[in-house]
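The chain below stands alone, shown as structure tokens; this is the form predicted on its own.
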């Protein structure tokens, strides 16, 4: 399968690519603005499977003026996209009373707006050669009825927006041979989480979650569409 995954330079995205690379039939474009870490990822994947096909592309999802260049880079690797995983995210713990409009804009730009831009860019390459699948990585923080935490109001709101966007896109794309689902992840021990909550241990590693996501997207027949699926070891 031809797969594009964002936020691939660390954490869940990094581990998802490593898990996917064990299958030599996958061709994986790994997107991140961190060029050096993408090269680390490429080398680790080759160490796992010398026959893997991992293509790092350094790109800043907030750079709205360069999406046409990204499209050019993608079609140089493959002409159709089977799977798009919107994994890149930005976590802020600024209390509601202190959060600035600039911070709100950054959170929504990375967690929501960039997802829209990337889907609009790549959708013409999807659903043309068989069924395609868009998987958005959400959060239990934006899942209705889940536990909420101080400092995460804007982040959680952005993920809630992504969840609703998933449901609406699935309806719009169902005639285009494209399924859209969202995995609402619970806490995972990543660099991003450790920076926000240094003493918090979720009991779930990035490697474990990466393997779960890789298995979810590797299923050839998609049985879900328009679903926000909680992936958490706690309730709510």
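These numbers were taken from a predicted model, which means no experiment stands behind them. Positions refer to the first chain, counted from 1.
Just so it is clear, the following notes concern the form predicted in complex with a small molecule, a form of the same protein that is not shown.
Answer with yes or no whether residue 32 is in contact with the small molecule in the model of the complex, where contact means some heavy atom within 4.5 Å. It does: once the small molecule is placed as it appears in the model of the complex, residue 32 has a heavy atom within 4.5 Å of it.
Does the 4.5 Å heavy atom contact test between residue 9 and the small molecule in the model of the complex come out positive? Residue 9: contacts the small molecule in the model of the complex.
Can you tell me whether residue 191 touches the small molecule? I mean in the model of the complex, with a 4.5 angstroms heavy atom cut-off. Within the cut-off, so yes.
Proximity of residue 110 to the small molecule in the model of the complex, heavy atoms at 4.5 Å: Residue 110: yes, in contact with the small molecule in the model of the complex.
Among 55-63, 22-30, 42-50, 171-179, the region lying within 4.5 Å of the small molecule in the model of the complex by heavy atom distance: So the stretch in question is 55-63.
So the small molecule isn't shown here. In the model of the complex, which residue out of 88, 152, 81, 134 has a non-hydrogen atom within 4.5 Å of it? Checked against the cut-off, the match is 88.
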